[in-house]
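The chain below stands alone and is given in structure tokens; this is the form predicted on its own.
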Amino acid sequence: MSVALSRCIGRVLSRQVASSSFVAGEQHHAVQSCWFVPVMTLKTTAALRAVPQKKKKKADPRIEALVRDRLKKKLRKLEKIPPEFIPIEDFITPSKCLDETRQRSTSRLSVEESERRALLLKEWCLYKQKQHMAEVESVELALKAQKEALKELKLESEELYQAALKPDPLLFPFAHEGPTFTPPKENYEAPDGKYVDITKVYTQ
């Protein structure tokens, strides 16, 4: 409809221009006007209000039922198969360590030497026990004395008591200086390095 309308307008305008030029005594083969060219090049398109939808093919319900049955059968087969556990290689002893031929020969001790070592071990155990008990006793005495001192300090002054409870930063002095000859580079990305990935992938 719009194309036919544009053609009719073009013909009417061309006839008017041709008649006016003929009356003025001009030649007909050189017809030019400011209205003639835009009307002839006028193009219109139909308004697309929606995207054309493709027609869906109607599937056969029998085929769909067969596909569902096949999927159910596959699921039943997979459920019957027990799951395979991924082995933990850290708990598996390598075969080269299970070689029975590799045995270290132990030196046999005499009876006197074995008795001497047993007595020495007992003496060492008694010595470490006494040392541990002395350390525990000294710590208990220090804690008891500290509690008594804090009680007396609290009775004398609350401010000094609160100051005594604060941690002392000078108790363990620590000073550290960074590198001065080789300062760090700005916006430097450290390389990841080259490595060979030997990770085993297990599929079930």
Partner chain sequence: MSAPCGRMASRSLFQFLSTFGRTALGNSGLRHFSGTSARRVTAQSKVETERASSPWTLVAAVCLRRLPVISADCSPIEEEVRGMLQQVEFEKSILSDHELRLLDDTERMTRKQAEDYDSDEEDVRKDQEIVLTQDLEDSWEQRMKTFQPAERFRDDVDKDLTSLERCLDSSLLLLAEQEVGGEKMWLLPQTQWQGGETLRQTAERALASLPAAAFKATFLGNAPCGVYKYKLPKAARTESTVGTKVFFFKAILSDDSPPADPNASLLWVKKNELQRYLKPAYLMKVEPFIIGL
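Positions refer to the first chain, counted from 1. The structure presented is a predicted model; accordingly, all values stated were derived computationally and were not measured.
The form predicted together with its partner chain is left out here; the points below concern that form.
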* Go through Leu109, Met133, Leu75, Ile86 and name the one with a heavy atom inside 4.5 Å of its partner chain in the predicted bound form. => Leu109
* Asked: in the predicted bound form, does Ile63 have a heavy atom within 4.5 Å of its partner chain?
  -> no
* **Tyr195 within 4.5 Å of its partner chain in the predicted bound form, heavy atoms** => no
* Should Glu148 be counted as a contact of its partner chain in the predicted bound form, where contact means heavy atoms within 4.5 Å? -> yes
* Do Leu71 and its partner chain share at least one heavy atom pair within 4.5 Å in the predicted bound form? -> no
* Which of the residues spanning 60 to 92 lie within 4.5 Å of its partner chain in the predicted bound form, based on heavy atoms? -> none
